[in-house]
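One chain comes next, on its own, written out as structure tokens in the form predicted on its own.
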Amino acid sequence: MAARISAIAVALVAAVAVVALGVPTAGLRVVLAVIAALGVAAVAALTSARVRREHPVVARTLITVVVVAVSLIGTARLGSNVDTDLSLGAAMTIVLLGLSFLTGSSGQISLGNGAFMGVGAFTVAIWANHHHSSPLILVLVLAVMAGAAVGFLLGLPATRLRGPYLAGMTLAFAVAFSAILNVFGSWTGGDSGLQLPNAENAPPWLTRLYPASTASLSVNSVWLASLTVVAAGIALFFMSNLFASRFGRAMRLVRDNDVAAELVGISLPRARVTAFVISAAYAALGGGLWTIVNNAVTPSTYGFALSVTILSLVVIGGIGTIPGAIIGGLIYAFSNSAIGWITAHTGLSPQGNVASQLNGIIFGALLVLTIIFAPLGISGALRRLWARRTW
């Protein structure tokens, strides 16, 4: 016990020292040190087998604290370009969590989650253009509610459709989404989309933590990245508890044997519609955060290609797993940076046909490699390697 306490104390001091190293102001140094201390304390508590065994909700809370703490420290220490990538990746992680639950737990295939993202994105943009001073949390809640409502309407046919027929229905929604937006062009802006009237700026308390010479763009990128990371952490916490809940177990029974599920009293229509609602709500939250980060929204962003990308990322990361969604979000976050590096080091023209298709080429190659070498996704492969460890 004494050795464990000493190790925790040393880790705490080391983490605080490393995090505070090179931080420009005392205020930011204190904030980062507190975040690092919380992360180390959470890791220390997670090393207790008793906590993991007897208090699973506490263990999941601690895991969330660790993930969020590491991400927040990263947003404060990395550049604005990385922060922007991290913002988009955190929002995508939320979307992947919803689809992972729908496909991995309930066994329903959806090719329309890109359109569900668009529902949340345009809800945020439309509301912001008509109600400039609404609190951010209210706008995001409205996006979630809109996504849940559309998911409910689209989930009703899911009670009678299976496999490719269900995928075809969601595919039709994804393809028709842009046309639906154009029908309501007076609200959605048609093909040109909408611009937010006011950009989401960092609050004064965060601005004061940085030197006066720091560009406002850098502070705002830190704020947006922190906002999306915290939102992703909250979504992660609720989804991890949902996976482990009685409802999550019921959904897995519906996926594996719907006849047995009915025999034990589970309502199949209610379970399937609920799964669609949850998945759509998560996708809408991710889309709403994308609009806030980009300060604009266009229909072309939320086409069928995005839905395919989302499904590919779920498969690459690992269907039905929380780590798989996080891995998929990280892959998406830094895919644009990877494409930029490839074009810079291979001489490809950024405006050329090959460079414009690199995103699809990379995701397609990763998907093929994953199916061949890691059928359970990257998270499944890592879990298998961990189980085979000899130390």
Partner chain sequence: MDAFWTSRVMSDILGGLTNGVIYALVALSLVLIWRSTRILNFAQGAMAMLAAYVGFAVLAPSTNYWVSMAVAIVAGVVLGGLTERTVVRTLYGKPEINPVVAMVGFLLVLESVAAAIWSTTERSLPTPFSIIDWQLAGRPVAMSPFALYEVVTAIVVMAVVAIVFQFTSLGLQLRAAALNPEVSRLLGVRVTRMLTLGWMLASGVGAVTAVLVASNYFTGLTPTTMDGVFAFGFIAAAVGGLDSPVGALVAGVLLGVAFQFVGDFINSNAIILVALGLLIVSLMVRPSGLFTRRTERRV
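Numbering follows the first chain given and starts at 1. Values in this document were obtained by computation on a predicted structure and should not be read as measured data. The term rigid core refers to the maximal set of C-alpha atoms that superpose within 1.5 Å between the two forms.
Form predicted in complex with its partner chain: not shown, discussed below.
- Listed stretches are 197 to 205, 133 to 141, 220 to 228, 99 to 107; the contact stretch with its partner chain in the predicted bound form is 99 to 107, by a heavy atom cutoff of 4.5 Å.
- Every residue in the set Leu161, Pro164 and Val259 has a non-hydrogen atom no more than 4.5 Å from its partner chain in the predicted bound form.
- Contact annotation: Ala365 falls within 4.5 Å of its partner chain in the predicted bound form, judged by heavy atom distances.
- Its partner chain is not drawn, but in the predicted bound form it has a heavy atom within 4.5 Å of Val183.
- In the predicted bound form, Phe173 approaches its partner chain with a heavy atom inside 4.5 Å.
- The closest non-hydrogen atom of Met169 lies within 4.5 Å of its partner chain in the predicted bound form.
- Among the residues Ser240, Thr188, Thr301, Ser312, the one placing a heavy atom within 4.5 Å of its partner chain in the predicted bound form is Ser312.
- Only one of Leu111, Leu88, Leu236, Ala128 lies close to its partner chain in the predicted bound form, with a heavy atom inside 4.5 Å, and it is Leu111.
- Once both forms are overlaid on the rigid core, the distance between the two CA positions of Thr370 between the shown form and the other one is 2 angstroms or more.
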